[in-house]
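Heads up, the chain below is alone and in the form predicted on its own; it's given as structure tokens.
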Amino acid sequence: MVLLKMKFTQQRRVHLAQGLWLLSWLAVMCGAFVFCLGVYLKTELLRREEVMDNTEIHVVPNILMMVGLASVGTNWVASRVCQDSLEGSRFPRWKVLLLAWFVVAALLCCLLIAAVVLSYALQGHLEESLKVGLRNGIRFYKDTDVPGRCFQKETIDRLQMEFRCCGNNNFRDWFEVQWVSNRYLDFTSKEVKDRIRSNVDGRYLLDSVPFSCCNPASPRPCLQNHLTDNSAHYDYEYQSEELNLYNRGCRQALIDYYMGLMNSIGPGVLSVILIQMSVLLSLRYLQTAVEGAMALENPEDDSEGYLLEKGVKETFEEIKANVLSMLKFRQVDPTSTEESPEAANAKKVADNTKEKAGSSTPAS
């Protein structure tokens, strides 16, 4: 049973080819748009690579870039097919390539759907990656002289100022690490010696935060030292006063930023999928309608176009049978009665040996 059969006059075939040509070029631009989205997301992830523990999330922009480029190529081919469908002498050369085109176009749609699903599924991995990466970044903040960590301080400071955040979860994360390098500490000072002796592992811990945690929108001058000491500042109450620091942690700020990007990309990619599916279905109708017209005595007569020559179940069974027959190709059938050349030669040698043995036996 033919699936979704439609009748096409010569005029309807021409209009279908013209409309599909425009739709194909729209899909080309959408492919370029998807590629640009992938490049932008990839760039944003690479910019903060130092505060990420793994790169699993990079699979999303990688798929978008790959599918975007492939979409540009496949839809350009579709536009050429639309042009040649108006000329009966040029269309037959596409007949063999169109099957591969349909497979590639369907695969692109599946990959785009996979990219959208992965962008939401990897949210947990992104959160864990940022949690570990930011924790290490804060811990190595002071290592400006260590190779490989020289720019860690600059990265964290820029991150906190750009995203208006402080620490991993909040500003108290800075109280748990020594973020001042030893080269800037006066070890002859009694205060420094006492603080190092009193803290765990001999670290110089402070109830202070870097300058990049200060909120410039606060009316009060920045308070970044002795944050838990009420007597260290005039008219200051640590527990009740609204601090002039960023209250939000950088992990949450980055998660909100990246998920906002992906939530914006999702509807755009879904729109591209709909356009790509429209091109795929329309080209199938155009192919079958034009091939049906070419089989008629008068190519300008009405022809029929359809999506599948048989039903979905019958088509699936036919494809399955073809795949299985290809897999069984050149395999030996154990039930076959035909002997292989090697077995025939071995049998012939055995018969000759037996015959010679019989002729050499003396007669009684």
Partner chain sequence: MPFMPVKFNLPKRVKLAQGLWMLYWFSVIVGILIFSLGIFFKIELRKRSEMMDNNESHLVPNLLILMGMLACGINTFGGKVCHDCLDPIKFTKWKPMLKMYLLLCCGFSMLLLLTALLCILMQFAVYLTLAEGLKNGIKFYKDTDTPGRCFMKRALDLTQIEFRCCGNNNFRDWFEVQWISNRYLDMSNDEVKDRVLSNVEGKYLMDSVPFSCCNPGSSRPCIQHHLTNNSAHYDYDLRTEELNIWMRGCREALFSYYSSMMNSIGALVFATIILELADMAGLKYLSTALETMVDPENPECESKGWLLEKGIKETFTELLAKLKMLGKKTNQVEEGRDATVDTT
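Only a predicted model underlies this, so the values are computations on that prediction, with no experimental measurement involved. Positions refer to the first chain, counted from 1.
Unshown form predicted together with the partner chain; subsequent notes refer to it.
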* Of Val117, Val180, Ile255, Ala106, the one that lies within 4.5 Å of the partner chain in the model of the complex (heavy atoms) -> Val180
* To do: Find the only residue in Gly202, Pro147, Pro221, Gly260 having a heavy atom within 4.5 Å of the partner chain in the model of the complex.
  => Pro221
* Since the chain is shown here on its own, which stretch among 69-77, 287-295, 90-98, 180-188 would lie within 4.5 Å of the partner chain in the model of the complex, judged by heavy atoms? -> 180-188
* Flag Glu154 as yes or no: does it have a non-hydrogen atom within 4.5 angstroms of any non-hydrogen atom of the partner chain in the model of the complex? => yes
* Would Asn215 count as touching the partner chain in the model of the complex under a 4.5 Å heavy atom rule? -> yes
* To do: With heavy atoms only and a cut-off of 4.5 Å, decide whether Arg158 touches the partner chain in the model of the complex.
  => yes
